[in-house]
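Only one chain is shown below, in structure tokens, and it's the form predicted alone.
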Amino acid sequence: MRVECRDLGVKAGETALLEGLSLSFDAPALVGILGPNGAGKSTLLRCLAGYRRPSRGEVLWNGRPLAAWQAGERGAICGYCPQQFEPAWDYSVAEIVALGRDRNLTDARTLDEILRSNGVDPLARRRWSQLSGGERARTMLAATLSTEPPLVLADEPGASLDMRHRLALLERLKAYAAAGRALVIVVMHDLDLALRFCDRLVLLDGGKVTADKPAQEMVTEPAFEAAFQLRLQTHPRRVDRDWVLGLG
């Protein structure tokens, strides 16, 4: 799977949300999109998914302009997990995952198998209104991955999860990208997890790409500190520990 954007620009009235972005992404990879609030991260993801039309430039999937793909084709290829979701009805977890599975009717697995493989089978009968924020996030990720798409686009999927589940989510996405040779692009705010799990990081600031590097090199990038207005200190992570907290 290959995704490209060429000279991508997006405006809202007279305000430029993205300016002249040219990027390419190839599977298998877990790519993190980073940047401060208002940098254009969610706008870029929606353009890559085909949910927002750019003011200029184009997006291509496997060398074919996204505008030429039919909606059904896009649904079978791409799993999109939005930052916020509110169903029209108070569906159960099983029903929401089933709706996601319907993007690809050739999948021979049963719904029970899909629920179990995504770790949400204990929630299957629970209604959306009965779920916590973290349970909703896990349900949405299960629906997104239910068809095992070669392209996954997720907008801050772990924002409402506790630390343990955030780690589990990134571990799952990392393994999914590697095992299925998929392309997974995730908008993230958690710098520790981005540096630890992502193969590549793209830094946006003011609607422009200010850095694009392998994750292990990003922490020494001056634009990284400038974008977040932080002074970073690094220390090797112990293999038997899961989290790094900086206090000061």
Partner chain sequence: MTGRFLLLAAALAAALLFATIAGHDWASPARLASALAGAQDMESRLLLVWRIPRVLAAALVGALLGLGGAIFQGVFRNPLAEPYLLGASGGAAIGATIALLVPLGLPGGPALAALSFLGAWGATWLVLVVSGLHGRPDTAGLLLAGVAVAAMLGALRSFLMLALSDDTVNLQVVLSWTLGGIQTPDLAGLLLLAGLVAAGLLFAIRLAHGLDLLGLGDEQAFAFGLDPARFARRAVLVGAAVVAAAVAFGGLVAFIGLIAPHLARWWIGLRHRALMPASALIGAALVAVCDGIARAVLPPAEIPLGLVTALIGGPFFLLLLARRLRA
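Residue numbers count along the first chain shown, from 1. Being a predicted model, the structure only gives us computed values, none of them experimental.
From this point on, the text means the form predicted in complex with the partner chain, which you will not see here.
Next on the checklist: Please tell me whether any heavy atom belonging to residue 119 falls inside 4.5 Å of a heavy atom of the partner chain, as the geometry stands in the model of the complex.
Outcome noted: Contact check for residue 119: no, nothing within 4.5 Å of the partner chain in the model of the complex.
Checklist entry - Counting only non-hydrogen atoms and a 4.5 angstroms cut-off, does residue 49 reach the partner chain in the model of the complex? => result Judged by the heavy-atom cut-off of 4.5 Å, residue 49 is in contact with the partner chain in the model of the complex.
Checklist entry - Is there a heavy atom of residue 124 no more than 4.5 Å from a heavy atom of the partner chain in the model of the complex? => result Although the partner chain is absent here, residue 124 would stay clear of it in the model of the complex, with no heavy atoms inside 4.5 Å.
Checklist entry - Does residue 98 make contact with the partner chain in the model of the complex, using a 4.5 Å heavy atom cut-off? => result Taking the distances in the model of the complex, the answer for residue 98 is yes, it comes within 4.5 Å of the partner chain.
Checklist entry - in the model of the complex, which of 89 to 97, 160 to 168, 130 to 138, 174 to 182 comes within 4.5 Å of the partner chain (heavy atoms)? => result Selected stretch: 89 to 97.
Next on the checklist: in the model of the complex, does every one of 8, 65 and 68 come within 4.5 Å of the partner chain, counting any heavy atom?
Outcome noted: Not a single listed residue reaches the partner chain in the model of the complex, so no.
Next on the checklist: Pick out the residues of 72 to 87 whose heavy atoms come within 4.5 Å of the partner chain in the model of the complex.
Outcome noted: The stretch touches the partner through 72, 74, 75, 78, 80, 82, 85, 86, 87.
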